[in-house]
Ligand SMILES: NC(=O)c1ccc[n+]([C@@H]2O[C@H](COP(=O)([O-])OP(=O)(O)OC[C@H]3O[C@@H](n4cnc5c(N)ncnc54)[C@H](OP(=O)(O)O)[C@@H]3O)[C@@H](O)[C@H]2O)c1
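Read the single chain below, which is given as structure tokens and is the form predicted alone.
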Amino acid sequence: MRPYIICHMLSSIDGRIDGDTLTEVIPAGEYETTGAKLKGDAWMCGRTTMQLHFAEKRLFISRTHKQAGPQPVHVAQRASSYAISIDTLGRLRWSESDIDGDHLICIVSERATTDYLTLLREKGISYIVAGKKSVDLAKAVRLLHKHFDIKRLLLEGGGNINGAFLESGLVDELSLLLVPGIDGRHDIPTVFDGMKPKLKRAARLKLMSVLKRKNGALWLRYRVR
């Protein structure tokens, strides 16, 4: 058992996801408004997105450098809504145990250090250790369902974490807010990125709905086949 996973993203017409370039072509709060309609009980981002928008700017530096290895799930508290961070090595620092009222769960690999997990416990932050060298996404989402009763998860990552979930067969639905703007720059992250070059076939989608939103944006919802 795992949560139903919806990848909810905002992008330019050409698929770029640098939100700072799109502020003039989409009303403030439109991404959050459409996301709320999906009725998720948790949302998730990767380390880069979390550091950019939510975590402290300075990174954690271990004093012991002792890798944690396999660890039990730490449930600091149960909540009605959760914010989930994928942070393979355990580098992000947090000032609070929640983000805007959503209890924080950090997902790390066994390469995270023991003193980092101690820091999370002291802050009242829940965590899951899954995967030896990198985060085992399939195991992590099963543990989210089992220990936190998360049934509907919104994946709001950067392109790499979204691509990793899609590659692992863990995306059930794509919710894409397509805004009337063109980015056009090289090397800007896209909705899905970093997938293996040997995958030469597009992931098949089935259209669920199309809604016109404010300022000419389109809200597209697809089922992943």
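For every residue, the number given is its place in the sequence shown, counted from 1. Just so it is clear, the structure is predicted and the values come from calculations on it, not from any experiment.
Keep in mind that the form predicted in complex with the ligand is not shown, yet the notes after this line are about it.
Taking the partner from elsewhere, no residue among D41, V141 and F148 has a non-hydrogen atom within 4.5 angstroms of the ligand in the predicted bound form. Judged by heavy atoms within 4.5 Å of the ligand in the predicted bound form, the contact stretch among the candidates 32 to 40, 178 to 186, 158 to 166, 63 to 71 is 158 to 166. Of the residues I84, A112, L120, V135, just one reaches the ligand in the predicted bound form with a heavy atom at 4.5 Å or closer; this is V135. Looking at A217, you'd find every heavy atom of it more than 4.5 angstroms from the ligand in the predicted bound form. Although the partner is absent here, R58 lies well away from the ligand in the predicted bound form, with no heavy atom inside 4.5 Å.
At the 4.5 Å threshold, heavy atoms of M195 stay clear of the ligand in the predicted bound form, well away from it.
Using a 4.5 angstroms limit between non-hydrogen atoms, K200 is distant from the ligand in the predicted bound form. Annotation for 47 to 73: interface residues with the ligand in the predicted bound form are R47, T48, T49, L52, H53 [heavy atom within 4.5 Å].
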